[in-house]
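Shown here is one chain on its own, the form predicted alone, set out as structure tokens.
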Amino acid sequence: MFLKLAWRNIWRNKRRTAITLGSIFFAVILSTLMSSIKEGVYVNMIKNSAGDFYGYAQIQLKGYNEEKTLDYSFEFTDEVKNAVGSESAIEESLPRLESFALASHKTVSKGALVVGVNPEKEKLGTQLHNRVVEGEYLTQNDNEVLIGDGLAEYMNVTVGDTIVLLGQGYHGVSAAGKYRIKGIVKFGSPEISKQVVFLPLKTAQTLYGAENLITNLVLQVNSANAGIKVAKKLKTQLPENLVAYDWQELNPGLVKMIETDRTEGYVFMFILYLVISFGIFGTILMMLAERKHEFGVLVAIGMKRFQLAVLVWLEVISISVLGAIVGVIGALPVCFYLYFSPIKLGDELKQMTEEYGLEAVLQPSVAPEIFINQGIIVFCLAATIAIYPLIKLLSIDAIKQMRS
């Protein structure tokens, strides 16, 4: 009965209700779109920087994550295989040998991240073969390389050209090799594309004098959260000399950047919700001023003050939740459209975005919690603001209100 009365009461003054709904609607739709786009950017950042290359979890020898040298290589033993195989969330394990080298072609040289991979496993895990934009993919017995498109552009090389790799191998041995470029690959993260060179794992082990050794075992799981859980479990199951890292531990700079950006977003959203709060509070003040006589009559004929206070509280909640629902419904089609048709940044925006190592694409997230959170926040705001009329009406003077 109280809900029914509250619903009828808010439509007695349609203009006031429409104004309040409008302010809540626009604030909610803006905050929802902003949250959706920001979370989408974070998801793409994590996917491009971690999931598509480094993986959401890795196994390394203790010390490798700090120094990144081949001296911290290890063998992919049966004990490690059994520990990895015991986790059902792990879809594939990808052995890699990573090191740095000077890549040269004619008079051009650039530092490169050399990654020895198992071509067949990478097909199943990171879908590396789908990133070949020119030339062909590697096979296990190739003595050729794949090179990032950014690095290829910098060195002015293409498929069929030859590059020389010079570096330091396992335990200080010299590492030098001359390789034909078999294909060019493109990653979502321009930073990776500007420095990466892929070799078959056996070829990389021969180059660096690290037979049967790997520097990291990339664990393919279906999400960033799954990577965190898997790494946490494996830390107690691996041999003492090995450690499992999740993507946050492997990319602390990325995590810090996301946290900083989120904080900036919270400030903007605080301003939006401050607008909502003033709109709701203004509605309450108008309601209390316009209905003084009505409230006095209701108390005079026997309605309890607490019941009256609850009725008005429900009115405020109803109009706020209705505005939030309409705002979320308004944001849904826009978010889904941009999700399936992401915005590709161009010109200066593209250049600026890629300087941060990010893909120049805006694709919002459509995770349900983004939309649900908006309704929860507006409900909490309305419930808090509605305490004012609740207190006010509990001490109402019926005679005074009827004379006003």
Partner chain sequence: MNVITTSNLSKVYDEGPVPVYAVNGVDLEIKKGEFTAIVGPSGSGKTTLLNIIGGLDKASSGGVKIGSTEIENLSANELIDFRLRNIGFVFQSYNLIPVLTAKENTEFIMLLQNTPKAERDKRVESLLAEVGLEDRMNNRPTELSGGQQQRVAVARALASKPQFILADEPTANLDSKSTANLLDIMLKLNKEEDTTFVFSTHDQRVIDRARRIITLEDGKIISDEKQHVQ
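Because the structure is predicted, anything quoted here is derived from the model rather than measured. Numbering follows the first chain given and starts at 1.
From this point on, the text means the form predicted together with the partner chain, which you will not see here.
K.L.:
Thinking of the partner chain in the model of the complex, which stretch from 304 to 312, 231 to 239, 119 to 127, 261 to 269 has heavy atoms inside 4.5 Å of it?
P.N.:
Heavy-atom contact with the partner occurs in 304 to 312.
K.L.:
Are all three of 1, 293 and 298 close to the partner chain in the model of the complex, meaning a heavy atom of each within 4.5 Å?
P.N.:
The answer is yes: all three residues contact the partner (heavy atom, 4.5 Å cut-off).
K.L.:
Applying a 4.5 Å heavy atom distance criterion, does residue 9 contact the partner chain in the model of the complex?
P.N.:
Flag for residue 9 set to yes.
K.L.:
Using a 4.5 Å cut-off on heavy atoms, what residues in 381 to 400 are near the partner chain in the model of the complex?
P.N.:
Going through 381 to 400 in order - heavy atoms within 4.5 Å of the partner chain in the model of the complex - the hits are 398, 399.
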